[in-house]
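Before any questions on how it binds or moves, here is one chain, the form predicted alone, in C-alpha coordinates.
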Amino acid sequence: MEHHANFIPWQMLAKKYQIELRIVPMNKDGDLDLTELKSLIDHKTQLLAVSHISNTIGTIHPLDEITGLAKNKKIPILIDAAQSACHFEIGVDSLNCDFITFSGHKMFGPFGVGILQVSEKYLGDMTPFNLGGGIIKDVQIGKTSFLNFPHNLDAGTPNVSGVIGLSAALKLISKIGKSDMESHLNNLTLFALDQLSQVPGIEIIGNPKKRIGIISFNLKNIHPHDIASFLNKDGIALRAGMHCTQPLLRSLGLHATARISFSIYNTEKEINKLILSLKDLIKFWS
(Lines give C-alpha, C1' and ligand atoms only; values in the text may rest on other atoms or scores of the structure.)
Protein backbone atom coordinates (compact mmCIF):
# COMPACT_ATOMS: atom_id res chain seq x y z
CA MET A 1 0.00 0.00 0.00
CA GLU A 2 3.02 2.26 0.05
CA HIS A 3 3.31 5.45 -1.95
CA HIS A 4 6.10 5.02 -4.49
CA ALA A 5 8.21 7.40 -2.38
CA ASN A 6 8.35 4.73 0.35
CA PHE A 7 8.77 1.86 -2.10
CA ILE A 8 11.11 2.77 -4.96
CA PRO A 9 14.06 3.88 -2.74
CA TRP A 10 14.08 0.50 -0.99
CA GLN A 11 13.63 -1.29 -4.31
CA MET A 12 16.65 0.53 -5.78
CA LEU A 13 18.70 -0.08 -2.64
CA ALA A 14 17.84 -3.78 -2.78
CA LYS A 15 18.93 -4.02 -6.42
CA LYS A 16 22.16 -2.12 -5.78
CA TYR A 17 23.30 -4.17 -2.79
CA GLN A 18 21.56 -7.49 -3.50
CA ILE A 19 19.23 -7.05 -0.52
CA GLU A 20 15.96 -8.96 -0.29
CA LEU A 21 12.92 -6.68 -0.34
CA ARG A 22 9.92 -8.29 1.34
CA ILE A 23 6.43 -6.91 0.75
CA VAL A 24 3.63 -7.31 3.31
CA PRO A 25 0.38 -8.22 1.52
CA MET A 26 -3.03 -6.77 2.35
CA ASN A 27 -6.46 -8.35 2.51
CA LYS A 28 -9.42 -7.53 0.25
CA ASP A 29 -10.65 -4.83 2.67
CA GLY A 30 -7.40 -2.87 2.48
CA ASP A 31 -5.81 -3.83 5.80
CA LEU A 32 -2.26 -5.14 6.12
CA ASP A 33 -1.98 -8.87 6.81
CA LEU A 34 -0.22 -8.76 10.18
CA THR A 35 -0.03 -12.54 10.37
CA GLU A 36 2.00 -12.51 7.17
CA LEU A 37 4.09 -9.64 8.51
CA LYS A 38 5.09 -11.80 11.47
CA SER A 39 6.30 -14.53 9.12
CA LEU A 40 8.30 -12.08 6.99
CA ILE A 41 10.30 -10.67 9.91
CA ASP A 42 13.33 -12.69 10.92
CA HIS A 43 16.94 -12.31 12.11
CA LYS A 44 17.96 -10.97 8.67
CA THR A 45 15.48 -8.09 8.67
CA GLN A 46 17.32 -4.75 8.72
CA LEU A 47 14.43 -2.26 8.55
CA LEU A 48 10.64 -2.16 8.51
CA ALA A 49 9.15 0.75 6.52
CA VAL A 50 5.42 1.49 6.54
CA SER A 51 3.07 4.38 5.89
CA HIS A 52 0.87 5.65 8.72
CA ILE A 53 -2.09 6.17 6.38
CA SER A 54 -2.60 4.86 2.84
CA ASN A 55 -2.70 7.76 0.40
CA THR A 56 -5.01 5.79 -1.92
CA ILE A 57 -7.69 4.19 0.28
CA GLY A 58 -7.20 6.01 3.57
CA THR A 59 -6.35 2.96 5.70
CA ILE A 60 -4.96 3.90 9.11
CA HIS A 61 -2.43 1.19 9.84
CA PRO A 62 -2.31 -0.28 13.40
CA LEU A 63 1.09 1.18 14.22
CA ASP A 64 1.05 -0.03 17.82
CA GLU A 65 0.93 -3.64 16.65
CA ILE A 66 3.36 -3.10 13.78
CA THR A 67 5.99 -1.27 15.82
CA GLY A 68 5.54 -3.80 18.63
CA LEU A 69 6.43 -6.62 16.25
CA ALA A 70 9.51 -4.74 15.08
CA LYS A 71 10.66 -3.74 18.55
CA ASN A 72 10.36 -7.30 19.84
CA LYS A 73 12.81 -8.34 17.13
CA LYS A 74 14.98 -5.23 17.70
CA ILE A 75 14.35 -4.05 14.13
CA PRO A 76 14.40 -0.31 13.36
CA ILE A 77 11.18 1.04 11.91
CA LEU A 78 10.53 3.97 9.55
CA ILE A 79 7.10 5.58 9.28
CA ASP A 80 5.98 7.60 6.28
CA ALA A 81 3.71 10.14 7.97
CA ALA A 82 2.98 12.27 4.91
CA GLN A 83 -0.77 11.62 5.20
CA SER A 84 -0.98 11.84 8.99
CA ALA A 85 1.45 14.53 10.16
CA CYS A 86 -1.09 17.29 9.54
CA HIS A 87 -3.77 15.98 11.90
CA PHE A 88 -2.19 13.30 14.12
CA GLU A 89 0.24 13.83 16.97
CA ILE A 90 3.43 12.19 15.73
CA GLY A 91 7.03 11.74 16.85
CA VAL A 92 9.58 8.96 17.16
CA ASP A 93 8.75 8.65 20.85
CA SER A 94 4.96 8.85 20.64
CA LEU A 95 4.82 6.40 17.71
CA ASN A 96 7.54 4.14 19.16
CA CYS A 97 9.59 4.20 15.96
CA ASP A 98 13.07 5.20 14.83
CA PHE A 99 12.52 7.33 11.73
CA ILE A 100 9.65 9.57 10.62
CA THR A 101 9.35 11.36 7.29
CA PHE A 102 6.71 13.71 5.90
CA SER A 103 6.24 16.42 3.29
CA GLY A 104 5.76 20.14 3.86
CA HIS A 105 3.08 20.54 1.20
CA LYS A 106 0.85 18.00 3.00
CA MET A 107 0.79 20.44 5.92
CA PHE A 108 -0.21 23.59 3.98
CA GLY A 109 3.45 24.43 3.51
CA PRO A 110 5.52 24.94 0.32
CA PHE A 111 6.57 22.23 -2.09
CA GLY A 112 10.13 20.91 -2.00
CA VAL A 113 10.62 20.84 1.76
CA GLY A 114 10.08 18.07 4.30
CA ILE A 115 11.05 16.60 7.64
CA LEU A 116 13.15 13.64 8.70
CA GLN A 117 13.11 12.87 12.41
CA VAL A 118 15.58 10.31 13.76
CA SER A 119 15.56 8.65 17.17
CA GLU A 120 18.55 9.35 19.40
CA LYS A 121 19.70 5.75 19.04
CA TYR A 122 20.51 6.21 15.35
CA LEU A 123 21.79 9.78 15.25
CA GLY A 124 25.40 8.63 15.02
CA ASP A 125 24.62 6.36 12.06
CA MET A 126 23.30 9.15 9.84
CA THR A 127 25.85 9.94 7.14
CA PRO A 128 25.68 12.38 4.19
CA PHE A 129 23.72 11.14 1.17
CA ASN A 130 24.69 14.20 -0.91
CA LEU A 131 28.01 16.03 -0.76
CA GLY A 132 28.66 19.76 -0.91
CA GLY A 133 29.18 22.89 1.15
CA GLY A 134 27.36 23.46 4.41
CA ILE A 135 27.94 19.99 5.88
CA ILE A 136 31.69 20.24 6.38
CA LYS A 137 33.57 20.12 9.68
CA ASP A 138 37.09 19.86 8.27
CA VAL A 139 38.61 19.25 4.84
CA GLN A 140 42.16 17.99 4.31
CA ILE A 141 43.90 16.59 1.24
CA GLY A 142 43.59 13.05 2.54
CA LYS A 143 40.23 13.11 4.32
CA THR A 144 37.11 15.11 5.12
CA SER A 145 35.03 15.09 8.29
CA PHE A 146 31.40 16.17 8.47
CA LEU A 147 29.10 17.92 10.92
CA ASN A 148 26.79 15.88 13.11
CA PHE A 149 23.22 15.07 12.12
CA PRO A 150 21.08 16.85 11.01
CA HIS A 151 23.58 19.38 9.66
CA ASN A 152 25.42 16.71 7.65
CA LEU A 153 22.38 16.16 5.40
CA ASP A 154 21.92 19.74 4.22
CA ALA A 155 24.55 20.06 1.50
CA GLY A 156 24.54 23.09 -0.76
CA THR A 157 22.27 26.12 -0.55
CA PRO A 158 19.41 25.29 1.82
CA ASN A 159 15.76 25.85 0.89
CA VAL A 160 15.46 28.83 3.23
CA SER A 161 12.13 30.10 1.91
CA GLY A 162 10.66 26.60 2.03
CA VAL A 163 11.68 26.10 5.66
CA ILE A 164 10.26 29.48 6.68
CA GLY A 165 7.03 28.65 4.86
CA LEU A 166 6.80 25.27 6.57
CA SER A 167 7.36 26.94 9.94
CA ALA A 168 4.43 29.27 9.28
CA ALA A 169 2.25 26.32 8.29
CA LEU A 170 3.14 24.43 11.47
CA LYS A 171 2.18 27.46 13.55
CA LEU A 172 -1.20 27.55 11.78
CA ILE A 173 -1.80 23.86 12.50
CA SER A 174 -0.83 24.37 16.13
CA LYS A 175 -3.29 27.24 16.40
CA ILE A 176 -6.15 25.20 14.94
CA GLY A 177 -5.34 22.08 16.96
CA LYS A 178 -4.67 18.63 15.51
CA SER A 179 -7.39 16.94 17.55
CA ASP A 180 -10.01 19.27 16.08
CA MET A 181 -8.65 18.65 12.61
CA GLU A 182 -8.76 14.87 13.07
CA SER A 183 -12.32 15.04 14.40
CA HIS A 184 -13.43 17.16 11.43
CA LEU A 185 -11.88 14.72 8.95
CA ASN A 186 -13.45 11.73 10.71
CA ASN A 187 -16.89 13.31 10.51
CA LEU A 188 -16.47 14.20 6.83
CA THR A 189 -15.25 10.70 6.00
CA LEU A 190 -18.25 9.02 7.64
CA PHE A 191 -20.66 11.46 6.01
CA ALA A 192 -19.06 11.00 2.58
CA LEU A 193 -19.11 7.19 2.79
CA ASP A 194 -22.81 7.29 3.69
CA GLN A 195 -23.67 9.66 0.85
CA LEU A 196 -21.52 7.89 -1.74
CA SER A 197 -23.24 4.58 -0.96
CA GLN A 198 -26.43 6.09 -2.43
CA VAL A 199 -24.82 6.71 -5.83
CA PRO A 200 -25.90 4.04 -8.38
CA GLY A 201 -23.13 1.83 -9.70
CA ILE A 202 -20.41 3.13 -7.38
CA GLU A 203 -17.66 0.89 -6.02
CA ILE A 204 -15.81 2.13 -2.94
CA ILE A 205 -12.28 0.74 -3.01
CA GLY A 206 -11.42 -0.95 0.28
CA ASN A 207 -13.24 -1.24 3.57
CA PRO A 208 -10.44 -1.04 6.16
CA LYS A 209 -11.03 -1.28 9.89
CA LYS A 210 -9.92 2.33 10.35
CA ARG A 211 -9.77 5.01 7.66
CA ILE A 212 -9.72 8.77 7.41
CA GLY A 213 -9.98 11.55 4.88
CA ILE A 214 -9.25 9.59 1.68
CA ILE A 215 -11.75 7.62 -0.40
CA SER A 216 -11.07 5.94 -3.75
CA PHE A 217 -13.97 4.82 -5.91
CA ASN A 218 -15.02 3.81 -9.41
CA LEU A 219 -18.27 4.19 -11.33
CA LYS A 220 -19.54 1.37 -13.52
CA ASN A 221 -18.49 1.78 -17.17
CA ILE A 222 -17.03 5.27 -16.60
CA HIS A 223 -13.26 5.76 -16.58
CA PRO A 224 -11.84 7.67 -13.58
CA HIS A 225 -10.30 10.26 -15.91
CA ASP A 226 -13.75 10.95 -17.37
CA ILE A 227 -15.13 11.28 -13.84
CA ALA A 228 -12.47 13.84 -12.98
CA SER A 229 -13.04 15.81 -16.19
CA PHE A 230 -16.81 15.93 -15.72
CA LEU A 231 -16.59 16.98 -12.06
CA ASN A 232 -13.99 19.60 -12.92
CA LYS A 233 -16.61 21.61 -14.81
CA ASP A 234 -18.58 21.81 -11.57
CA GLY A 235 -15.56 23.12 -9.70
CA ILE A 236 -14.90 19.83 -7.93
CA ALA A 237 -11.25 18.77 -7.74
CA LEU A 238 -10.38 15.12 -7.35
CA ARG A 239 -7.55 12.93 -8.54
CA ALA A 240 -7.82 10.13 -11.07
CA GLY A 241 -5.18 7.54 -11.86
CA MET A 242 -2.97 5.18 -9.88
CA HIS A 243 -2.07 7.71 -7.17
CA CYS A 244 1.63 6.72 -7.07
CA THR A 245 0.59 3.29 -5.78
CA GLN A 246 0.72 1.04 -8.82
CA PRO A 247 1.47 -2.19 -6.89
CA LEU A 248 -1.60 -1.53 -4.72
CA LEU A 249 -3.99 -1.04 -7.62
CA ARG A 250 -2.56 -3.96 -9.58
CA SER A 251 -3.09 -6.21 -6.56
CA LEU A 252 -6.78 -5.20 -6.70
CA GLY A 253 -6.99 -5.78 -10.45
CA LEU A 254 -7.51 -2.08 -11.15
CA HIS A 255 -5.92 0.28 -13.65
CA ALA A 256 -7.09 3.51 -11.99
CA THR A 257 -9.54 4.98 -9.50
CA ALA A 258 -11.07 8.34 -8.74
CA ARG A 259 -10.03 9.64 -5.34
CA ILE A 260 -11.47 12.32 -3.09
CA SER A 261 -9.61 13.63 -0.07
CA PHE A 262 -10.58 16.08 2.63
CA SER A 263 -8.91 18.75 4.69
CA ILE A 264 -9.91 21.28 7.32
CA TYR A 265 -11.50 23.63 4.78
CA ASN A 266 -13.92 21.06 3.31
CA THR A 267 -17.59 20.85 4.34
CA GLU A 268 -20.59 18.53 4.16
CA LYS A 269 -22.13 20.99 1.69
CA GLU A 270 -19.27 20.29 -0.71
CA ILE A 271 -19.81 16.54 -0.35
CA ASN A 272 -23.50 17.02 -1.23
CA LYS A 273 -22.39 18.94 -4.31
CA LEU A 274 -20.09 16.05 -5.22
CA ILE A 275 -22.98 13.56 -4.96
CA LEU A 276 -25.20 15.67 -7.20
CA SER A 277 -22.45 16.02 -9.77
CA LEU A 278 -21.80 12.25 -9.78
CA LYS A 279 -25.50 11.57 -10.34
CA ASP A 280 -25.55 14.10 -13.18
CA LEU A 281 -22.54 12.33 -14.69
CA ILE A 282 -24.29 8.97 -14.54
CA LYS A 283 -27.37 10.43 -16.31
CA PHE A 284 -25.14 12.05 -18.93
CA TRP A 285 -23.27 8.77 -19.54
CA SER A 286 -26.35 6.53 -19.71
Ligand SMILES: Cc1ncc(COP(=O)(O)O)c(C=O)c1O
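The model shown is predicted, which means the values in this text are computed figures rather than measured ones. Residue positions are given as counts along the sequence shown, with the first one as 1.
Form predicted in complex with this ligand: not shown, discussed below.
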{"item": "4.5 Å heavy atom contact, residue 53 and this ligand in the predicted complex", "value": "yes"}
{"item": "Close approach of residue 5 to this ligand in the predicted complex, 4.5 Å, heavy atom", "value": "yes"}
{"item": "is_contact(residue 100, this ligand) in the predicted complex, heavy atom dist at most 4.5 Å", "value": "no"}
{"item": "This ligand contact in the predicted complex: residue 106, any heavy atom under 4.5 Å", "value": "yes"}
{"item": "Of 215, 77, 82, 188, the one that lies within 4.5 Å of this ligand in the predicted complex (heavy atoms)", "value": "82"}
{"item": "Which of 230 to 238, 38 to 46, 66 to 74, 53 to 61 sits within 4.5 Å of this ligand in the predicted complex, heavy atom basis", "value": "53 to 61"}
